[in-house]
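To begin, one chain is listed below as structure tokens, in the form predicted on its own.
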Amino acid sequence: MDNKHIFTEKLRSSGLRPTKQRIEICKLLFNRKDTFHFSISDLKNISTKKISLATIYNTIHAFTRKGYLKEISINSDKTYFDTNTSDHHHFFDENKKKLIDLDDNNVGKIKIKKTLPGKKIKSVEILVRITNDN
């Protein structure tokens, strides 16, 4: 599937020039049927083209600012990105270092009892950490 014109528009609307390397990043991210969870190092490792880490980093963060990707912080030194930008929950498999979507119908009603003056809740997203049973 050739979506070069769609990728070019995504890049331009994110304030980026559509270079060959950035179009390759778009293919890796958006030329797929299923949601894609990844870290910047994951993306670097699956790329078959020579793309600098700075280009990957800048492109991913421009896409995140534009709303094409969602950033999910696992801890202070590990961040994943998600091509599904809707509000939804995740499992994080600590053994496999893998982020997995958790459907809303698998989570009961969430009630937040505390409010902060002058603030309203924008969304609630749960990160459930899982590990092997042994």
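Keep in mind that this is a model prediction, so the values were computed, not measured. Note that residue numbering follows the sequence shown and begins at 1. For the two forms, the rigid core is made up of the largest set of C-alpha atoms that agree within 1.5 Å on superposition.
This protein has a second form, the form predicted in complex with a further copy of the same chain, left out of what is shown; the following refers to that one.
Residues within 4.5 angstroms of a further copy of the same chain in the predicted complex, judged by any non-hydrogen atom, belong to 96-104 and to none of the other stretches in 47-55, 27-35, 61-69, 96-104. Remark: residue 118 counts among the residues lining a further copy of the same chain in the predicted complex, judged by a heavy atom distance of 4.5 Å or less. In the predicted complex, at least one heavy atom of residue 129 sits within 4.5 Å of a heavy atom of a further copy of the same chain.
Interface membership of residue 125, defined by any non-hydrogen atom within 4.5 Å of a further copy of the same chain in the predicted complex, is confirmed.
The closest non-hydrogen atom of residue 43 lies beyond 4.5 Å of a further copy of the same chain in the predicted complex. The Cα shift for residue 78 between the shown form and the other one, taken after rigid core superposition, is 2 angstroms or larger.
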